[in-house]
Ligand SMILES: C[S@@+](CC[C@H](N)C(=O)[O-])C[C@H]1O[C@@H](n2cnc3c(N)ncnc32)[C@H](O)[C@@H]1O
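Before any questions on how it binds or moves, here is one chain, the form predicted alone, in structure tokens.
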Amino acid sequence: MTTPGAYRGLGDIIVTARPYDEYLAMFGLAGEDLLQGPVLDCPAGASGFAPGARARGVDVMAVDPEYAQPPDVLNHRAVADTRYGNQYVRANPHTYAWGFFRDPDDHLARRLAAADAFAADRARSPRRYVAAALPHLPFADDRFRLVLSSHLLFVYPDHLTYSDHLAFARELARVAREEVRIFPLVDTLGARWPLLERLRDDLAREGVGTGVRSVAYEFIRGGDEVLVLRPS
């Protein structure tokens, strides 16, 4: 993990732990969006989405390059990164909207609970957690009905080039049968990614339709939209 200020906003890419209900809100999901499955969460980090969805009968796979680490190492990092993220939230209150989370204490408690749920589920169902990285996923074309991608594209502009964004989006669309949903469209300072329309144009030329939807969720101020990809 880098120190604050080494990169824009939050800094280095962290392993995040978001609870199941936060995923539903972020991506504008309802029960029927999930139950038909299969669903891919990529990159999933230490999210509580997969265990929460599987407990409700959803066929879901989680993918992240960090799964190459031993479970105890990753679990420790997930907790450390969750606490680091919470410290950043407390130090930059103007960047955040309080609605889904009541306050920084609620934010920390719910994110740590998600990290615990992730650790327990990965121990129970290790084959559902695949170590792989964009833009090379070990799945056949159209493998998943729905693909969710949270807090990587658009969020870390200091780490990813435009070519990275295009390659990542193209690969997510390749493994999706119906939709890819990417959230949010802003970085950790709340600035909208300036090359979004160029990306949409390039994807359209490759036969991937796109749309932007508002969602009833906002934590980073201005982060209340999801990009939807519809593969041809």
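Quick caveat: nothing in here was measured; it's all calculated off a predicted structure. Heads up: residue numbers just count along the shown sequence, starting at 1.
One more form of this protein should be noted, the form predicted in complex with the ligand, which is absent from this view; the next part is about it.
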Which one, 198-206, 28-36, 52-60, 65-73, holds residues whose non-hydrogen atoms are within 4.5 Å of the ligand in the predicted complex?
-> 65-73
So, 18, 134 and 151: all three within 4.5 Å of the ligand in the predicted complex by heavy atoms, or not?
-> yes
Check whether residue 100 has any heavy atom within 4.5 Å of a heavy atom of the ligand in the predicted complex, and answer yes or no.
-> no
Contact between residue 14 and the ligand in the predicted complex at 4.5 Å, heavy atoms?
-> yes
Wondering, does residue 156 line up within 4.5 Å of the ligand in the predicted complex on heavy atoms?
-> yes
Select from 42-68 the residues with a non-hydrogen atom within 4.5 Å of the ligand in the predicted complex and write them out in sequence order.
-> 42, 43, 44, 45, 47, 64, 65, 66
